[in-house]
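A single chain comes next, written as structure tokens; it is the form predicted alone.
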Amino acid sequence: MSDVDARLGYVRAVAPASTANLGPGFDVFGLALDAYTDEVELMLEDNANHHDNDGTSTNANTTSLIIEVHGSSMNTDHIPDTAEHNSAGLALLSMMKEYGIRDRIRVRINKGIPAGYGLGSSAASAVASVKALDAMYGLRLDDLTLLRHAAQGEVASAGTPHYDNVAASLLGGFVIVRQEPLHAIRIEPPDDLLLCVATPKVDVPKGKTGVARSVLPDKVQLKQMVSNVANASMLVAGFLMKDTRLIADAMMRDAIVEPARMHLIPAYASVKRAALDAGALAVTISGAGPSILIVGDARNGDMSDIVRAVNDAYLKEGIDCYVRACKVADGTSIHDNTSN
């Protein structure tokens, strides 16, 4: 038995996709997107006299996670199904260790977010898992504690904990994250803020996030730092003032990360130009890419012209893609067995 009593034998959590950085806010800004979701189901297994597939008994006092990965999203086949190498598994192990949970739990991860494409796929699975475990055992942990455990899941994909995507996926809306000491703030977006995410159907290398980080400069000029601090501040002001155009203007003024990474993003320059010509207010790399985030204003109409222009731009480059109009999402939601 565990040190805490399980209150629910089944919990399902649904977490939204997210985009990080938003131009000048590297490792600080995140935004939840309703374009895609991941779903994680936790099922408490019968620990008594449980036998593994090879016929050997499993000690009831040994933490055991059975990871299953399902779904039709891009790159799902490359997601590890061992707890120590899976983002959901690592997040759960961190939380189970701290709270003395030693039950055998089946973890079914239903992937709807393209994995490895800069849309917070690993973060969503990690967040959904810790949120579900919190509900299963009635721990009632605060958001910062959940974030701390969920960020451990990012080690599986990025090699180090980071908080921008997990905060956006957990809290929803626009988030600002400070790592030391850890703090996260959610701000509601303007009602007229429209978004589009474009994901090229290209192979992404293993450890893509690490590759994207490796091209960033170790040192930057003072004027670049001042520019990014100013524009990050303007972007926050835009959310607080519900000013979509100020948000978009600031998002386009990253002096450090986008210039270093844009060569890694297939057809980035041509797709960016096509989106802007079609009426987009801003275009930037979504997280580490290769997905692209595009901003529009509802007062100018919907995103249909922009979606068509972006799709055509990729096709001219010989690249298939997913282009999806979306809005800012709410955070992770919980469903127990009574609502399943």
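Sequential numbering from 1, following the sequence displayed. The structure presented is a predicted model; accordingly, all values stated were derived computationally and were not measured.
Separately, the form predicted in complex with L-homoserine exists; it is not shown, and the next lines address it.
Residue contact with L-homoserine in the model of the complex: Ala288 places a heavy atom within 4.5 Å of it.
In the model of the complex, Phe26 approaches L-homoserine with a heavy atom inside 4.5 Å. Taking the partner from the other structure, L-homoserine in the model of the complex has a heavy atom within 4.5 Å of a heavy atom of Ala20. Contact check for Asn165: a non-hydrogen atom falls within 4.5 Å of L-homoserine in the model of the complex. Contact check at 4.5 Å (heavy atoms) against L-homoserine in the model of the complex: none of Ser64, Arg102 and Arg106 pass. In short, of 231-239, 175-183, 130-138, 207-215 it is 207-215 that has heavy atoms within 4.5 Å of L-homoserine in the model of the complex. Looking at 257-272, the one residue that comes within 4.5 Å of L-homoserine in the model of the complex, counting any heavy atom, is Arg261.
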